[in-house]
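The form predicted on its own is given below as one chain in structure tokens.
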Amino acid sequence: MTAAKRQFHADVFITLKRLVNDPEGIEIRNGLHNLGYDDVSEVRAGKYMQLQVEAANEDEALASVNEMCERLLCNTVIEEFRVSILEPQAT
């Protein structure tokens, strides 16, 4: 018998690997310096995505989203990703 699937919310954060130059982050940092925020020493820009996935449990949802990141959402040559899974609360 197959377990009933539930909805899970996934937050996906994708950033460039530390050794990869981040021109967008450099421009943001320079803009902040121009606005007087000289205490900002580094900015790393990235992407944020929200996904709703169906899975039997949190581990299955995490495995599924990790696979999506590795196959499509993230360029694993130059980027790394972090996934956070939450089960939506009943309203």
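Model, not experiment: these values are computed from the prediction. Heads up: residue numbers just count along the shown sequence, starting at 1.
Same protein, other form: the form predicted together with another copy of the chain, not shown, and the subject of what follows.
> Residue 72 near another copy of the chain in the model of the complex, any heavy atom under 4.5 Å?
So residue 72 counts as contacting another copy of the chain.
> Could you tell me if residue 68 has a non-hydrogen atom within 4.5 Å of another copy of the chain in the model of the complex?
Yes - in the model of the complex, heavy atoms of residue 68 and another copy of the chain come within 4.5 Å of each other.
> With a cut-off of 4.5 Å between heavy atoms, is residue 51 one of the residues that contacts another copy of the chain in the model of the complex?
Residue-level check for residue 51: yes, a contact with another copy of the chain.
> Residue-level question: is residue 40 within 4.5 Å of another copy of the chain in the model of the complex, judged on heavy atoms?
Taking the distances in the model of the complex, the answer for residue 40 is yes, it comes within 4.5 Å of another copy of the chain.
> Going through 9 to 42 from first to last, which residues have a non-hydrogen atom within 4.5 Å of another copy of the chain in the model of the complex?
Result: 13, 14, 15, 28, 31, 32, 35, 37, 39, 40, 41, 42.
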